[in-house]
Structure formats: structure tokens, C-alpha cells
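The form predicted on its own is given below as one chain in C-alpha cells.
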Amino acid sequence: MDPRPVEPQELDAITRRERRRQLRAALGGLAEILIALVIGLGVGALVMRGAGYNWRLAYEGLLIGSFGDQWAIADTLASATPLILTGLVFGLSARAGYFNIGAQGQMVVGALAAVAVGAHLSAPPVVAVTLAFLASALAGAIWALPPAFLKATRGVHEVISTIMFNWIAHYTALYLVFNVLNDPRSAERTVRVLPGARLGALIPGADMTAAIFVAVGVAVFMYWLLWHSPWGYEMRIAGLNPSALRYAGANPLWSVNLTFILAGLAAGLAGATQIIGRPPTYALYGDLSNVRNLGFDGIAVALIGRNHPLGIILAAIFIGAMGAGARMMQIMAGVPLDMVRIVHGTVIIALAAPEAWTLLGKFLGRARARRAPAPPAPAKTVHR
């Protein structure tokens, strides 16, 4: 007998209940973030007060330095631009069930590609900028493929392989900066990209360029992919229950490769934003200072944004604001830089801890499920 068809009224009721459930979950997550923020700021205030500094004046300086005028806002968004993209690397991978911490190496490779193309391609600005971004995205995706291949075919844990590839990218970049792409007039950096391959500042005197729109556009695309496409559905199912994905007939190898390729594309674009989209450098320095730790900072951004592409945008702006306002905390309240970093770290830990704990619980649960003994096979019935 065929199952009874669902009536339109029942379908509408189910849809309304699901929307209410999603709204309650979103409000609960927002309340959790606000509570964590209050706790982090409160602990930071106690630390500054215990050290003899005026915490009210320090936080006032933080707000003025990050959102006080158009230049402060522009600097905040400029700092947030690469963090949006590196946050997407970890967030997208976590949604698919992987601990991809290779954003740093993929971003460095993307920065090298942007220098190689932007410094040697003489073309109209639109063409040069587009090709530099594409080259960086492709380089990041290629650098992400070996860990994906090792994960899918040999079971090598992605944490181990991505860390190794981060260091390979780091020392490869050092060699190329000083021996291949080096600027003869300035030994500490690569050659600068040509003027036609540069993104100019949107506000004179600030660092923000059109790269912010690239970063936000990629985040919106990732949101659409995860929640409004069949490929994103498979990726999320892989993160929730890989066995269900196999049972449904999907190919886990495809899910692994797609996740790592998209993450590598985002990381490579992050490297490009620091070369062609961050005046006044337009080059990669020998100490990698203009890309240093941005890949690892993206992990905190993803955790604060609950691994949601749209949440990652807001989290990156928040982290960018804290970085942009650090100078005013020192000027207005006299808080030394080391103390500012302690306060920033305290706030970030408070905001990231809930999602980190949730992710840890999921991964430990999956590990226990894999170690659990298989249920005994049912006894065969002998028919006489």
C-alpha cells in the first residue's frame, strides 16, 4: 500500500515548525555569543584594572580606533578582508567534518602566485587584476589537493598533512622571495606588482580596497553552496554522518576533494588580497610579515562565526576591529601592546570556546563510533 500523501496544510505546518526551530536555534546562538562577549570583555577589564590601567578609557579607545571615523572603519574592513577568506577555509571544512588547518600554507602559495603574475603581466588593469586573483585561487586549490588525496586514499589525518604542507609552503616562499622573485633594489622583499595589477584604496589614506567585495562575495557564494545546492548538502551530510552519505550512494572521495579545493581557493584569494589589494606594499616580504599568522587567525574567526559563512563575515569584522583599535588603546589609556594582546586573546578565547567545545565533542563522538565493535551478524535461518 502506498503511503498517504502529505496534504498541503500539513506541509505548511511542518515548514512553519522547522522555521521556528531554526529561529530559536539562531536566537540561542546569538545569546550565547553575547554572553561570551560580555564574559571576555569583563575578564579583560579585570586584567587591565589589576595592572593599574583605566579599562573604560581603553575600551573607548578601542571603539574610536575601529569605528570612530571613515578611516577607522576602512582600516577595520581592510584587516577583516583576508580573515573572511581564511575563516572560510576552516569553517567550510568543519561543516564537512574535517580539521583543515592548512589555510596558512595555501595563502602563502596564493600570495606567491599573485606576485609572479602581477609583477610580470603587462595588461589592462581589469585583466591583470582578474588573472592575478585567478592564479592565486588556482595555486591555493592545487596546494590543498595533496592533503585531500592523502585523506581520501590513505586515511592520513588532515591535521598532520596540512601542518606539513604549511611548513613546506613557508620555506618554499622564503627561497623564492630571496632567490627568484627578489627585488634587486630592496633585498627584503619581492618585486612589486605592476601598477595595472594593483587595487587602489577606496578611501585616500586608508588600506581598504575592492578586495573586501571579493571576500564578501566568496562568503556569500559559500553560503549558497552549503545551504542551497546539492553539493553543499552532500558536504554537510559528510560532516554529520559519513556513513549516511555512503548509504545514500554519494562518493565520499568527491566530497573530500570538493571541500579541500574550495577551501584552497578561498585561502589562495586571501594571499592575493595581501599582495594586490593591500596598499602600500604590493609585494611579499622576506619575513612573510604581511601574511603571517592570518591563516591561523582564520580558525578563531571561523569558531567565533560558528563555522557559518555569514557569521564568519561578522566575526572577521570584529577581529579586524580589535586589531585596528589596538593603537588607540595604547594612546588613550596608555595600555602597553603586550597587555592589549592579552585582552584581545581573552575576548577571542571566550567567544571561540563554545564552538570549539562543540566541534571537539562531535569529533570525539565520531572517533568512538569508529572504534565501537560492529554488531553481531544475525543468525542464518535454515529452511528445511
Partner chain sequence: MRKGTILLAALLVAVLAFSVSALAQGSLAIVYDVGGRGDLSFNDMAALGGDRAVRELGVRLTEVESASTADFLPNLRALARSRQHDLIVGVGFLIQDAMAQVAEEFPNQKFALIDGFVDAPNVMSISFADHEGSALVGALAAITALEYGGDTVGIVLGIEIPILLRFEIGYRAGVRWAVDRYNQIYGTNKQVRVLHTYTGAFDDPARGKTATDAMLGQGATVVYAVAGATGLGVFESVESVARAQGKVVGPPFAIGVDSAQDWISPGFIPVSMVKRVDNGVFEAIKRALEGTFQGGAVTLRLAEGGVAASTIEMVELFFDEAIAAGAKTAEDKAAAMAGVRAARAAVPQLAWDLLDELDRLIRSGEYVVPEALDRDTAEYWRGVLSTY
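Positions refer to the first chain, counted from 1. Keep in mind it's a predicted model, so treat the numbers as computed, not measured.
Just so you know, the form predicted together with its partner chain exists too; it's not on screen, but the next bit is about it.
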Just checking whether Ile331 would be counted as a contact of its partner chain in the predicted complex - the rule being heavy atoms within 4.5 angstroms. yes
Just to confirm, Gly200 within 4.5 Å of its partner chain in the predicted complex by heavy atoms? no
Is Phe213 one of the residues lying within 4.5 Å of its partner chain in the predicted complex, judged by heavy atom distances? no
Wondering, does Asn290 line up within 4.5 Å of its partner chain in the predicted complex on heavy atoms? yes
For its partner chain in the predicted complex, the stretch among 86-94, 282-290, 143-151, 109-117 with residues bearing a heavy atom within 4.5 Å is 282-290
Listed residue (Pro124, Pro230, Gly155, Gly205) with a non-hydrogen atom within 4.5 angstroms of its partner chain in the predicted complex: Gly205
